[in-house]
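Shown next as structure tokens: one chain only, the form predicted alone.
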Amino acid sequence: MSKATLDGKAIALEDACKEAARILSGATFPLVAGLGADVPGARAAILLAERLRGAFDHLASRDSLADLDVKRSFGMFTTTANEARVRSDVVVLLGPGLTRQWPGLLERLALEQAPRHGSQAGQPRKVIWVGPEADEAAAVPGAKIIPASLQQISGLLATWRARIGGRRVAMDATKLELVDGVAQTLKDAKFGCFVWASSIGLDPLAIEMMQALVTDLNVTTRFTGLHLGARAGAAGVVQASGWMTGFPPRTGFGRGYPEHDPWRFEASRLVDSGEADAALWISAFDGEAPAWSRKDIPLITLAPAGAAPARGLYIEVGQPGVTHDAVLMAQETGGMTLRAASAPSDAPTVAQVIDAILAHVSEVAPC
């Protein structure tokens, strides 16, 4: 049974949904944000934003858009974790904290095992890890560890790219020998793979430099990339947003049709500037709070038990894949999958709550 509160006082679920509809319908430019939900929840949230002629944004859009910026402007080679596991004879892990972004990363890639397919099958796999955290450095026995900060990764990739292209770089002989050794390893690969996560703080320029290096290597061999999706179901939300509107999150419906603008429809900017005058915040995975600083905006929060805010309207929802079966983008396969509930309960899903709110929102578009 779901719990709902209004400024900390209990309220019936049906009354809470009516109140949410009243708040959002009465706003000039309502915002649907967070979108920490499974695919059905994301679909319902985007439909609500469209009905309200508001905007929607995901809490990890910065990370998703770092990859999408490169994909849209430059292009991108990517593969699945399974493909990398069975084919890659050279794997380059970029940056610290990759195992926090995806705790199952090393188990899925099985880097200690040899690739199974291609002419490289059975040959020892070479692993290079650039800038791992201290506890990650020893996680892959035999890996070549290259110390580097996040800010140094772009320059390091540029240096590798220059040497692979036969260009000169200003560097002392000892360092140049190390760089050339890595460059030769990459050139000799039969199926190489970079692994990265924009969520660790990699900026689009670093990702573009890595993809440019992949492009160069593909002139003479095969290379690709495996990107780790952002938190709170971001990858599935981006897919749902794409097939529903043609755009990723940070999209608005103010003119009656979808418009995508990563700056104009960024949730915190909309709230803190006062352009949005009511907000629905969705964080069903872990109850993460919104990042904006303004505290007086009328706020409706959909979050799991124990994450009720001190003010505003709160409706408890279940956790995708925990309290109810959920459709999510699977990092393991790079496709949608059904996650069976691990601890089923009768808490409503995000989609069910939003559908109940939508039932009280007029289908007549606001002027």
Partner chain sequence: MLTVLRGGHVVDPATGKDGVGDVWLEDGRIVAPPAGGKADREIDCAGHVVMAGAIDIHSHIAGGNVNTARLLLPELHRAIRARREGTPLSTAKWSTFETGRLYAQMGFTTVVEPAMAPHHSLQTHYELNDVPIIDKGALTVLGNDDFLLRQLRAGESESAINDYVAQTVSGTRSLGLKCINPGGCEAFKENMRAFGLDDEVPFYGLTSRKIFQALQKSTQAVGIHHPLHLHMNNLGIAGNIQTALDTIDASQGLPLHLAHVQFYAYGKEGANAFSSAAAAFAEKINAHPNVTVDVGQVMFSQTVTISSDVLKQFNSMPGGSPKKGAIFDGDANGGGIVPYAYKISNYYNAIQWAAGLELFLLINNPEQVFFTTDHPNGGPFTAYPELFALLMSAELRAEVMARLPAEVLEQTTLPSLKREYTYYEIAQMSRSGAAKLFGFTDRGTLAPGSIADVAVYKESRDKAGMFRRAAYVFKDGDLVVKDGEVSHYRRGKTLHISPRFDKNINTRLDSYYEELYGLPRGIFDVPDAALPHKDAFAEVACKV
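Residue numbers count along the first chain shown, from 1. Predicted model only: the values in this text are computed from it and were never measured.
This next part talks about the form predicted in complex with its partner chain, which is not shown.
No residue in the set L150, R231 and R294 has a non-hydrogen atom no more than 4.5 Å from its partner chain in the predicted complex. Exactly one of the stretches 114-122, 177-185, 281-289, 132-140 approaches its partner chain in the predicted complex with heavy atoms within 4.5 Å, and it is 114-122. For the options V90, V271, M210, V238, the residue carrying a heavy atom within 4.5 angstroms of its partner chain in the predicted complex is V238. When you look in the predicted complex, the only residue of E83, E275, D261, D203 with a non-hydrogen atom within 4.5 Å of its partner chain is E83. Taking the partner from elsewhere, E50 is found to have a heavy atom lying within 4.5 Å of its partner chain in the predicted complex. Taking non-hydrogen atoms only, G256 approaches its partner chain to within 4.5 angstroms in the predicted complex. None of the heavy atoms of A170 is located within 4.5 Å of its partner chain in the predicted complex. Interface membership of G246, defined by any non-hydrogen atom within 4.5 Å of its partner chain in the predicted complex, is confirmed. Along 208-232, these residues reach a heavy atom to within 4.5 Å of its partner chain in the predicted complex: N218, V219, T220, T221, R222, T224.
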